[in-house]
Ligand SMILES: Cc1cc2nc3c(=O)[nH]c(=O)nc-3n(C[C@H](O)[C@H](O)[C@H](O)COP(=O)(O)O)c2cc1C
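The chain below stands alone, shown as structure tokens; this is the form predicted alone.
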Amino acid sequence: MAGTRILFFHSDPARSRVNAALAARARDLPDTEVVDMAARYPDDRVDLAWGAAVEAQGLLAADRIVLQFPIHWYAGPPLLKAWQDAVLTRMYYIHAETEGDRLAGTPLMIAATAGNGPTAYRRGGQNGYALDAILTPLKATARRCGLPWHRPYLVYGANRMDEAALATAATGYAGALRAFAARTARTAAV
């Protein structure tokens, strides 16, 4: 599938309000595929051979990639790290020429939710760091893999959102995804 491939990492999607609403809204967009990674890997393990091979093919077929997840203890969920370890190791170390080199240049966007409000994510705030700083390991990974980094879509106060705020966040996400697709659209060679 060409288009936007959203890898939705949530340890308990059935209990998610905000990430589930974002994913549902994204599913309505054309040329957009949302992959529920917890359903695919319920034990939080991605096999380096079979699972990583399936994931690599999905990434290589996409025009752009979005990693969507909640921030837990200043990082993404364990499945996101397991996915990185298996898939990126396969693509960039085991099959670099046939997979990693081909994935390089594919745009990457992060969509992350945080329980606290934006003032908690700054120097002097409760968490002491901006979400941008917390995403630094993913930025470094994107740089190493040659995946152009695009402005993340960040949702704050996810634990306290009312229905109106939730609808606004989902609509904003759809807009951010449309803008990401427009900025990263591949043009056919003439």
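Please read all numbers here as calculations on a predicted model, not as lab measurements. The first residue of the sequence shown is number 1, and the count goes up from there.
Unshown form predicted together with the ligand; subsequent notes refer to it.
J.: Even though the ligand is not shown here, does it sit in the model of the complex so that Ser16, His72 and Tyr121 each have a heavy atom within 4.5 Å?
T.: Every listed residue reaches the ligand in the model of the complex, so yes.
J.: Ala56 versus the ligand, in the model of the complex: is there a non-hydrogen atom within 4.5 Å?
T.: Ala56 lies outside the contact set for the ligand.
J.: If we define contact as a non-hydrogen atom of the residue within 4.5 angstroms of the partner, is Ala86 a contact of the ligand in the model of the complex?
T.: Taking the distances in the model of the complex, the answer for Ala86 is no, it never comes within 4.5 Å of the ligand.
J.: May I ask you to check whether Ala111 falls inside a 4.5 Å heavy atom distance of the ligand in the model of the complex?
T.: Close contact is absent here: in the model of the complex, Ala111 is far from the ligand, nothing within 4.5 Å, heavy atoms only.
J.: Would Leu147 sit within 4.5 Å of the ligand in the model of the complex, counting heavy atoms only?
T.: Close contact is absent here: in the model of the complex, Leu147 is far from the ligand, nothing within 4.5 Å, heavy atoms only.
J.: Out of Ala52, Met37, Leu135, Ala158, which one falls within 4.5 Å of the ligand in the model of the complex, going by heavy atoms?
T.: Among Ala52, Met37, Leu135, Ala158, a heavy atom within 4.5 Å of the ligand in the model of the complex occurs only for Ala158.
J.: Which of 23 to 31, 63 to 71, 138 to 146, 37 to 45 has heavy atoms within 4.5 Å of the ligand in the model of the complex?
T.: Among the candidates, contact is made by 63 to 71.
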